[in-house]
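Only one chain is given next, in structure tokens, and it is the form predicted alone.
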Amino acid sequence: MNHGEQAASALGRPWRAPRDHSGPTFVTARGAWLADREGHRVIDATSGALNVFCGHGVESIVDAYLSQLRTLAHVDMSQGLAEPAHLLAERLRDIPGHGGDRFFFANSGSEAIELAVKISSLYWVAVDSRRTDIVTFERGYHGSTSLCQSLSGLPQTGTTPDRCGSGVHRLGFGEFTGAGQRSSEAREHIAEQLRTMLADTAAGTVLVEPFLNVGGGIRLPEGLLADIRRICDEYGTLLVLDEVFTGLGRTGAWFAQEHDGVRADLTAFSKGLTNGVCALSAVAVGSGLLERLPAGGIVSYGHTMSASAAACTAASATLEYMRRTGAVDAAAGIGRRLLGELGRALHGTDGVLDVRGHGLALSVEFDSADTAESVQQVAYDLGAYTRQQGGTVMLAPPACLSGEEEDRLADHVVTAVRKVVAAQ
């Protein structure tokens, strides 16, 4: 990777030291490709910030956004309404898998999670004010605001003051690692933990990512999400699904909960909603839950740019493009082929603990974070831009990959792994 000037830039970066400007600086992008300022072209296996699901520079989405900006950019949703917000909500209602029939809009995934937690808290104020606690995964990640970070047990969020205002109970994988995290034994272990927590605490809400992204690119055991839904029903607990990353096609379904036939009480989603053109997030809620809220169902929240006319138009154009091009089915097929190729090529390789995936969310887990970092760097030099999460290298490419690009991406990653292992 090329490196920026350490001291010259005034830029402050997320999750980095103030003077750390390492890494590539990109200047152009098209389809599945990025180019840095040295002219080095790489396949973008990160989909921007995991949000450019359809590929860079989709003209119909960009044109719709720009056209709406010229007509009406934004109005204050608390005072008036814009037609694009109505249209987007109607289009989202027609999409399967999110479990809701009314949509509240925000900007970021963090805001959507905060909003979902607020709605669940309002529900319990009306139904049973004792049910204040929340259950999450220890290796889950739900955003970068103080409240969202306090819901996670990850090391990078552990220094954040607890702003949740409720007890947080965290599910863990126990002794299960690597491929064992997807085993039937791990499924049973987690399900029993959840039953104990709901029986012994004041938990009224369970907050789950169907795919643990920042926590290591972990796919949950098959059927676990359905188990969690059944256990929530047994204890009268709300299930909130964090589909910020998995929602809108990433796993090869419109929403990841479809794979297990689950219907959440609330679903938060964001990445991919506007294909990276602008910020927008949403929470899908069932009308039955909203009818139980106090004060006439008023949800006291709002952000200046929430549901801007331009953002909603970009989102509608994204959904239309996804339908027209079959992007969700493409994600399923591309992901299946990439997983098969990576699994065959890397099975039994020294230092590789697991190869797993769910649609266009694929992970190669190594025995150390140093190995993962080295693989990411070598892969970049070869022509693949990947994402490191601790000891895991993740691939989350856009759904526009051609067959040749699939082959290139798999080859670059496999070659990088073999080079790094051979040098150790």
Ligand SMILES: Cc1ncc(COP(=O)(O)O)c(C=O)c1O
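Please read all numbers here as calculations on a predicted model, not as lab measurements. All residue numbers are counted from 1 along the displayed sequence.
Unshown form predicted in complex with the ligand; subsequent notes refer to it.
Proximity to the ligand in the predicted bound form, defined as a heavy atom within 4.5 Å, singles out one entry of Thr267, Asn213, Thr313, Thr205, which is Asn213. Residue Phe245 is the only one of Phe245, Phe137, Phe105, Phe255 with a heavy atom lying within 4.5 Å of the ligand in the predicted bound form.
Although the partner is absent here, His98 is not a contact residue: none of its heavy atoms lies within 4.5 angstroms of the ligand in the predicted bound form. Using a 4.5 angstroms threshold between heavy atoms, Ser110 counts as touching the ligand in the predicted bound form. The ligand is not drawn, but in the predicted bound form it has no heavy atom within 4.5 Å of Asp133.
Among heavy atoms of Glu209, some come within 4.5 Å of the ligand in the predicted bound form. Partner contacts here mean any heavy atom within 4.5 Å of the ligand in the predicted bound form, and among 174 to 182, 116 to 124, 287 to 295, 137 to 145 they occur only in 137 to 145. In the predicted bound form, Lys271 is the single residue of 251 to 283 with at least one heavy atom within 4.5 Å of the ligand.
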